[in-house]
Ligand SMILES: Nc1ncnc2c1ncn2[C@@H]1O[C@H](COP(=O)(O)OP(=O)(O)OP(=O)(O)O)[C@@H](O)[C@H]1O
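What follows is a single chain, given as structure tokens, in the form predicted alone.
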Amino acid sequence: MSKCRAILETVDLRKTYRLGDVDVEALRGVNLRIRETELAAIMGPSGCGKSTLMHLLGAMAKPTGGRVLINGRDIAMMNDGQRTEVRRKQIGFVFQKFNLLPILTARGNIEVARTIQGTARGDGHDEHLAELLRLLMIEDKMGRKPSKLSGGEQQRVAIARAVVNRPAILLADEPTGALDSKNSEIVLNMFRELNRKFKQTIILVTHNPELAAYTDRLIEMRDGLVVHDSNPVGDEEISTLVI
């Protein structure tokens, strides 16, 4: 098998929360590798630890123990400012709630991400953005505010906002949870096209087995542990990570 690169890796990842006098182990030693350009789903019931895992993978929190490596850098050892920089430059997020700014148009919501990143173009022309909007089928929706968009269209705008700066990793937490079945299917097909056309590494976090069926790899969690992986990454398959 030809070697690939692990863009994301966890080593004995643990997270414990203190609730009153009780310690709750949300993650109990997760070991996981995600290939570059992979489309994977992390699935499990509520309370299994998948949302905690996503927060740690997305540099939104620090683990109690273990390591989280993005492009070979251990974000578990970073301070708040360093993790913020990783989120800004390397990670895109899509959530169940679209989190669009209601006073801005669809284009304005996307431009917010580009302004924060410092990638806004003064000439108004961006072939990557134009191609992205065509793929997501929202190029004719750019002048509309969120209230004038359907749920599926709002989610596709949110996806465009998340990937317009070409993050290394896209994390999507229950991205179809607020959509009906038709719009869910459209959005899931869009994720698959983003992965294939732009080679975007995508991790979908869900409790929905129908969503997982659209991906190339299913990782199942129970009680803070990975209990099944349909396509694990072996040591012989991974090129050396630069730490």
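Keep in mind that this is a model prediction, so the values were computed, not measured. Each residue number is its position in the shown sequence, starting from 1.
Here the subject shifts to the form predicted together with the named molecule, a form of this protein not shown in this document.
Between the options L218, M190, L69, A26, which residue brings a heavy atom to within 4.5 Å of the named molecule in the model of the complex?
When the named molecule is considered in the model of the complex, the option within 4.5 Å is A26.
For the chain shown here without its partner, which stretch in 39 to 47, 191 to 199, 57 to 65, 208 to 216 has non-hydrogen atoms within 4.5 angstroms of the named molecule in the model of the complex?
Of the stretches listed, the one contacting the partner is 39 to 47.
Would you check, heavy atoms only and a 4.5 Å threshold, whether S184 touches the named molecule in the model of the complex?
Contact check for S184: no, nothing within 4.5 Å of the named molecule in the model of the complex.
Residues within 4.5 Å of the named molecule in the model of the complex, restricted to 165 to 185 and counted by heavy atom
Only a single residue, E174, comes within 4.5 Å of the partner.
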